[in-house]
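This text opens with one protein chain seen in two forms, each one given by itself as structure tokens under the names structure 1 and structure 2.
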Structure 1
């Protein structure tokens, strides 16, 4: 049975890293690599070629790319992540989710808080992953120690999803020392992340 690697929505070089990890565990099996951008496809193809892995076929269905390899082998060379970072124009592809409060919608606060927890816990199971999560205003409370959303956010961060947390907002709520996940950021970096994204979704 082929080993399937679902790298849809992941920023470069994460698709290459996931492919490398699969090759290290493989015992000659074929690989099926699923990608959501042509840049990631080209990056993974270049990595496979450099690693001496033969390609069986490449397919595209509804904007999703599939790379099928032939029999694989263990890697004999070290892979440098910097060799597979996409160019600036390539990195801009992807979705940024902008979370500006610790609940979803208006009305009942308890319901709103339950909805935001459900939303964040669901992201990891989606077929297409965001590139960046930005937290501002009371949304930063979802990233601190004790928040039920932290384990889910850590899981997303481990998958290569960038998490930017407004430092000014943390200071305003006096919780900067309680940050548990993500990178303390500023208005410039958060604005740049949104402007570089092909899509921004506000929650």
Structure 2
């Protein structure tokens, strides 16, 4: 049974440390190291090479990197963490969509409301999906009972997309009891989701 080391989203040198720990515990098993950036991949490869560990295979699938290897001998103890710090700050992966009003753009409200509904209903048909959708200010109105966007949002939630709805905003508009989809959250959750993402799209 191969050992899986999922180091996706971890900042350097964490993937190297995780790999090292797994290698120390391993006893001849095959290892699969999963990484989300090319920089962490290169770092782990460099570490394996420096440790004299042979690499069986490297694969890339949909932006995720897989390194297949096997521990063949005892690791040397002279691995220094500071040698595997990345040059750029990388935090996590995934896109967050920040929806801060119940329509798209300015101009005509009817058009804007139809556009936001079309936008949300289209996401589910795309081959790429965001990780998180955050709703704030009048954007929260898209998540309550009766909103045309709710069935589409429920569909996204079922797929595993996180839907965060600002509780302060729901209570401001007096619609907290009408929430139909998503998780009531606060500024901490929402700002953290945005800062952790590799990309934030504001609607």
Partner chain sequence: MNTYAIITFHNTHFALKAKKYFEKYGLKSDTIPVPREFSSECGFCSKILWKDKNIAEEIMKKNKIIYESIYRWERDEKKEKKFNFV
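Positions refer to the first chain, counted from 1. Between two forms, the rigid core is the largest collection of C-alphas that superpose within 1.5 Å. Bear in mind the structure is a predicted one, so any value in this text is a computation, not a measurement.
Review point. Which one here is the form predicted on its own?
Key: That would be structure 1, which is the form predicted on its own.
Review point. With the core lined up, does the C-alpha of residue 8 move 2 Å or more between structures 1 and 2?
Key: Yes, residue 8 moves 2 Å or more.
Point to revise | Shift of residue 163 between structures 1 and 2 at or above 2 Å (CA, core fit) | key: No, because once the rigid core is superposed, the C-alpha of residue 163 moves less than 2 Å between structures 1 and 2.
Exercise for review: Using a superposition on the rigid core, decide whether the Cα position of residue 17 changes by 2 angstroms or more between structures 1 and 2.
Suggested key: True for residue 17: a C-alpha shift of 2 Å or more.
Review point. What Cα shift, in Å, does residue 59 show between structures 1 and 2 once the core is superposed?
Key: Here residue 59 registers a C-alpha shift of 6.2 Å.
Exercise for review: Any chance you could measure the C-alpha shift of residue 46 between structures 1 and 2 with the core superposed, in Å?
Suggested key: That residue's C-alpha sits 21.7 Å away in the other form.
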